[in-house]
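Shown here is one chain on its own, the form predicted on its own, set out as structure tokens.
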Amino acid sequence: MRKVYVAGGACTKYIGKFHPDFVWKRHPDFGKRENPDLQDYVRDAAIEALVDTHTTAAQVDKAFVGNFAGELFDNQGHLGASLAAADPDLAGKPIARLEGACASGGLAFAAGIDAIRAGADVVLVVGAEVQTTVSARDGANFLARAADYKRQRPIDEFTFPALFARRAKALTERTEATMEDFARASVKAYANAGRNPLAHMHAHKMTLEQASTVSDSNPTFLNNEELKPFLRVSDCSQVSDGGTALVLCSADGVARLGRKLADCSEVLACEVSTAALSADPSPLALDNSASAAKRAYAKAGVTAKEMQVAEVHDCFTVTEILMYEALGFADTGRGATLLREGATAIDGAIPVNTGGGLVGFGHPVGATGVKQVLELHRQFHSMCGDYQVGGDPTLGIAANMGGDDRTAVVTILRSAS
């Protein structure tokens, strides 16, 4: 099997409401300028990634775009053709869009890997999403398409927050996890984002008291009375706009770009697992993500204990804790203890979501799975600035999840140096 390398990439700022660069009704530039649209993010991320890796568009053999709901949020589909417009030399290339809810970026990355293994030498992978064009309620309705819409939409007008509040309820009732543990995850995310200039919540602080307390600024907002107490605003990922892109190469492709393998990261495994949309998962576990992780560890020939840094899908704070268990960092029911002990902090034994994760960095849905891989690559090559992990990490894992653990993409990466 041909080896696959991440040569580098680029990430736009992830922005949305309350970010200083985001134009909204209270922004001083409201009415004077507009926020970037979806095609802007696709183009900008792609061009910046090509520049970062000293790649010309003519050198790209294939490209893939990860996006979930461009037609709904931005009235724009056909994003392969949109990417082709980013540079004249991309015209005529085979480019396709991949969709798998919040795992759309991960699927685009997996498709890029398959293309390299099938004979391509240089592949461009882009993930992008715009979600700030509609109200929170309309956006929640759009995002509910990632659930079994007819069956699950009635649970609450905020369908996905309710589905994960159900998980939080189950954990607090049947394991050692508490609502304060979920608050700790939020505090960690905001603290890491504060070190990351690209993060949506870079300029915002979150204390344990703020995250733990239900207030006007941190309400429980569900209509479902049974689930309402188990999710606060601080437990949620950000409604963000943004884009991220990667350049993947074969060994020949690395040479073609004039790069050194030592500047790259090698993909040891990338496993995709899909569960039935019509089935309700156990609220106590991310079994589909665990299945993908088990296969990835086996293919890579490594174990969870060897991981030195991780990027996990934290669409809600409870999801991060469940991901610790799905990836084998903690035993079943013990994920909250790992967080409580500080093991997943930047200076912990297994740093998780060092740039802020979805809660702090932001969650432009189609970009997340691409960004996670780029974050690992940057950690390996000491490119993370104030949130750089110590000890020169060389081995890490990314877990990107779509829907209520219905699509999972788990990638294991190591420095090629």
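The shown structure was predicted, so the numbers you read here are calculated from the model rather than taken from an experiment. The first residue of the sequence shown is number 1, and the count goes up from there.
Not on display, but discussed next: the form predicted together with another copy of the chain.
message: Using a 4.5 Å heavy atom cut-off, which of 311-319, 163-171, 111-119, 210-218 contacts another copy of the chain in the model of the complex?
response: Careful reading of the contacts points to 111-119.
Interface residue in the model of the complex among L198, M307, M179, L277, criterion: non-hydrogen atom within 4.5 angstroms of another copy of the chain: Selected residue: L277.
task: Could you spot which one of R295, R259, K228, R340 gets a heavy atom to within 4.5 Å of another copy of the chain in the model of the complex?
output: Contact residue from the list: R295.
task: May I ask whether A349, H381 and Q388 all come within 4.5 angstroms of another copy of the chain in the model of the complex, judged by heavy atoms?
output: Checked in the model of the complex: no contact with another copy of the chain for any of the three.
- request: Examine Q59 and determine whether its closest non-hydrogen atom to another copy of the chain in the model of the complex is within 4.5 angstroms.
  value: Contact with another copy of the chain, no.
query: Heavy atoms within 4.5 Å of another copy of the chain in the model of the complex: does R406 have any?
result: Although another copy of the chain is absent here, R406 would touch it in the model of the complex, with heavy atoms inside 4.5 Å.
- prompt: So, in the model of the complex, is R184 in contact with another copy of the chain at a 4.5 angstroms heavy atom limit?
  reply: Heavy-atom contact with another copy of the chain at 4.5 Å: absent for R184.
task: With heavy atoms only and a cut-off of 4.5 Å, decide whether D37 touches another copy of the chain in the model of the complex.
output: Yes - in the model of the complex, heavy atoms of D37 and another copy of the chain come within 4.5 Å of each other.
message: Residue by residue through 1-34, which ones have a non-hydrogen atom no more than 4.5 angstroms from another copy of the chain in the model of the complex?
response: Only a single residue, M1, comes within 4.5 Å of the partner.
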